[in-house]
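The data below hold one chain only, encoded as C-alpha cells and taken in the form predicted alone.
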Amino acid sequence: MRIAIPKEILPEEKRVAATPETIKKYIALGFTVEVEEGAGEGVLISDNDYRNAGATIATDVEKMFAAADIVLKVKQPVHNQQKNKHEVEMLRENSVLITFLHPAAPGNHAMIRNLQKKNITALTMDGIPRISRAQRMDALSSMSAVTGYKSVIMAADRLPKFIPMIGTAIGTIKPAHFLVIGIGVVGLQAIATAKRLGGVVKSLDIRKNAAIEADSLGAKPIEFDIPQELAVGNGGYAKSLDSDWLVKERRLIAGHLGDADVVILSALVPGEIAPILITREMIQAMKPGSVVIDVSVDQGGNCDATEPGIFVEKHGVHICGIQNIPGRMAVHASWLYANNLYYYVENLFKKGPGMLDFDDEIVKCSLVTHNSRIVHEGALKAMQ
C-alpha cells in the first residue's frame, strides 16, 4: 500500500505528518511512502532527508493523492488554492484518510459529507480513546500539551501588562490574573505555564477530580456544586450539560471575569460541539485590554464572540480564535504527532498492509466515514 504525506496548506500550519524516522518505520511495515515536495520545510526537514529515509518525493500533489491508498495529514482537508480544488476532491475513491477531522465542528460538516459521498474511510486523530493501550497514539493529548503552553505565551504577547509581580523604585506592579476553564491536558499545561511566568491562576472544571489536579499545580479552583454523575462521562471526560446547568455555570463564570486579565478556554466534550461558556454579553464585563484564548475553537469554541482563525477585539477585549496553535510550535509538535500517527497506523494495520482492523476499540472510536456512511456519533449528533 502507498502512503502519501502532503504539505499542510491550512494558514500558518507548519507541521508535517511524518518525519524521516517514522518514514523508515512505515517502510519496515511493508508500506511505500511518497512525500510532497517541501512538506517538511516548516520543521526544518529537507526533501533529501525524506529521500534518505526511503521515501519518494512528489512534485504534483494532485497526482500523489490520486495514487495514494492512505493519506496521512495533520489537519482537516481544505481547499487547495494552487490547484483550485478541495483536498477531498483530490482523494482517490475508497482510499483511507487519517488526520484531525474535528467532525462535530459545524464548519467541517460539509467536508465530512463529501468524504462520505466519495466513500473515503476517514479516521480522526481526535477520536482516540483514553485507554492505556492507546497512550502512544494519543495525538490529542500531545497537541493539547503544546497548545496549553503556547496559549499562555500568545496571551502574554497580546496582554499589555506584566505577568509576574514586578518591584520597582516607585512601587510594586501586581501580577496578572489568569482564569483557566476546562482542566484537561490543555488546561493543566496552561496552569503550569502561567504559574512559571508568575501569574495568579484560578481554574474551573465541572469534574471534581480535574479541580484537584488543578489545585496540585497551584491554581485556585472555583467550586461548582454539580452532581458528578451529570458532569463525568466515560473515561473521566466531561459530559454535555443540559441548558439549566449550563446557565448556572455561565453565571458562576461571569462572577470571576471582571478580575481576569487572561482567560484560557479549553472546555471540551469528546466528539461533540464545545459548550458556549462565555457569551457576548459576558465579554462586556471584562477589563479593557484583557485577553481570551479560545482553544476549543476547532470544536466550535467556548466563547460565542470568537471568530475562527483570527484575533478580534470586542468591547476592548482581545479574543483569539487561532485554530492551529500547535502549528506555531511546529518542530516539537510534528515530532510528537508523527510518532502518535505511526503507532496508530501500526495498530490499524496490525494484520498487515491492506487489512484494516475495524473490530479494534481504538479504530471504532476514531472512525468517521466508512462504506459511504457517516458513523461518528458526535458528528451525527451535531449534524442533527
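One rule holds for the numbers: they count along the sequence shown, beginning at 1. Source: prediction; values computed, not measured.
Same protein, other form: the form predicted in complex with a small molecule, not shown, and the subject of what follows.
- Heavy atoms of M154 never reach within 4.5 Å of the small molecule in the predicted complex, leaving it off the interface.
- The shortest heavy atom separation between I98 and the small molecule in the predicted complex exceeds 4.5 Å.
- Contact check for Y237: a non-hydrogen atom falls within 4.5 Å of the small molecule in the predicted complex.
- A residue is said to contact a partner when one of its heavy atoms sits within 4.5 Å of a partner heavy atom; D205 meets this definition for the small molecule in the predicted complex.
- Each of G184, E249 and V269 comes within 4.5 Å of the small molecule in the predicted complex, counting any heavy atom.
- Between the options S141, N80, Q284, N119, the residue in contact with the small molecule in the predicted complex by a heavy atom within 4.5 angstroms is S141.
- Proximity to the small molecule in the predicted complex, defined as a heavy atom within 4.5 Å, holds among D126, E213, E87, D261 only for E213.
- The stretch in contact with the small molecule in the predicted complex, judged by heavy atoms within 4.5 Å, is 174-182, chosen from 146-154, 160-168, 174-182, 308-316.
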